[in-house]
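First comes one chain, alone, set out as structure tokens in the form predicted alone.
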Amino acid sequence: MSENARYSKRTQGVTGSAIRELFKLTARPGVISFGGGNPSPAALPDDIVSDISRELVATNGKVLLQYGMTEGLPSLREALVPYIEKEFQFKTDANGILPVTGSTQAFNLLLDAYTDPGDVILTENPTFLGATQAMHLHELRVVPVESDDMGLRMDALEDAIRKHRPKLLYTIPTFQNPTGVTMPLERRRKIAELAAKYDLLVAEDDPYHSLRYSGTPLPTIKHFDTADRVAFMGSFSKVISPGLRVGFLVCEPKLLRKCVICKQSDDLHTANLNQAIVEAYLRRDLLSPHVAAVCKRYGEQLDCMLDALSKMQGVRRFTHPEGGLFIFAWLHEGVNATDKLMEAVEKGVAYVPGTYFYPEGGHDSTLRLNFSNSDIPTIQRGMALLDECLKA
């Protein structure tokens, strides 16, 4: 290709995912990775999915292997209604749900349908790297809002709304990525009130909601939404399988229709067979016992990693999640987690430097740790190696 080849402006300055790049480092034999957000291999129900797939193809294969409706399988949308009402505590109907190819697509569809280049979008600080990549590719002006140990600070949020007049707020209120913190009830209620007051669309991303190991489940922000200003994004990636790429979007009818139109030119429809597998999980009540077993395992792994962190002299403080997949840690001032990463990899352990999760960078003495993809002996070995690295 010519050196003068001209690429789109929206890709300029947008780098690849730091986490995806990290996978190349952790491909080395023997490296223990706390870097990704993968479910445990033991939590992936390959035997059950195999049986369901075989039955679905044998009984309805001609339909499932054909093109499908962009709006999704009607039977899955119907099965999602009681699931959403029970699990996420808000009312909906089948016509208000769009099955999507992972909640990542749901967010991209919202940005496609609702934003224009130059619009302001508010986000937690820090926040999910994949979401900020999508924001930059849509040429949005990203304004991070300060957060604390309970998520978004409401004073900072309302100040940012008044100052910047944003089009949209992106938030992960439950077991947030990367921090693992959970937003309390009153802040959730307040966000819904602010969205109505300022005509602000809230993109509520809740892929970790069901992965709770202690404490009491909380209603979603959508639960408090009386003005149809919350678009809710859910996913089965963390509770069944990320490889199936099945999630769902719930929002007001006109916006949902715009997202359907955008999806038509994106991937036409989410894979029929994958949608049918998720439907079978819901209708056969396979999901609840599976999640219960996964939560027991993950809870023990979380406790193991928290215990190790509490004994590490190189760690100044860290979050104490009640669920999800991540812990966020602060090293001592002046210790750069990015600089330390290669040293850690050489010792045989990896993590994600926290700076990548801050839209404006900085915060170099932070890092994110994942505990779901490693069993307890592996966590113990890996945290001992990390301890050695941080002591050096």
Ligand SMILES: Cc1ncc(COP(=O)(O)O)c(C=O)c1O
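All residue numbers are counted from 1 along the displayed sequence. As the structure is a computational prediction, the values presented were derived from the model and not from experiment.
From this point on, the text means the form predicted in complex with this ligand, which you will not see here.
Colleague: Is there a heavy atom of I191 lying 4.5 Å or less from a heavy atom of this ligand in the predicted complex?
Modeller: Answer no; every heavy atom of I191 is more than 4.5 Å from this ligand in the predicted complex.
Colleague: Does N125 reach this ligand in the predicted complex, with heavy atoms at most 4.5 Å apart?
Modeller: Because no heavy atom of N125 falls inside 4.5 Å of this ligand in the predicted complex, the answer is no.
Colleague: Hey, in the predicted complex, is P144 touching this ligand, heavy atoms inside 4.5 Å?
Modeller: So P144 does not count as contacting this ligand.
Colleague: Check whether N274 has any heavy atom within 4.5 Å of a heavy atom of this ligand in the predicted complex, and answer yes or no.
Modeller: Close contact is absent here: in the predicted complex, N274 is far from this ligand, nothing within 4.5 Å, heavy atoms only.
Colleague: Though this ligand is not shown, can you say which of G180, P166, G72, P207 has a heavy atom within 4.5 Å of it in the predicted complex?
Modeller: Result of the distance check: P207.
Colleague: Between the options R212, H269, H223, R245, which residue brings a heavy atom to within 4.5 Å of this ligand in the predicted complex?
Modeller: Flagged contact: R245.
Colleague: Sort through 301-309, 232-240, 76-84, 115-123 and report the only stretch with a non-hydrogen atom within 4.5 Å of this ligand in the predicted complex.
Modeller: In the other structure, the partner sits against 232-240.
Colleague: Can you name the residues of 93-128 that have a non-hydrogen atom within 4.5 angstroms of this ligand in the predicted complex?
Modeller: Counting only heavy atoms within 4.5 Å of this ligand in the predicted complex, the contacting residues of 93-128 are G102, S103, T104, F128.
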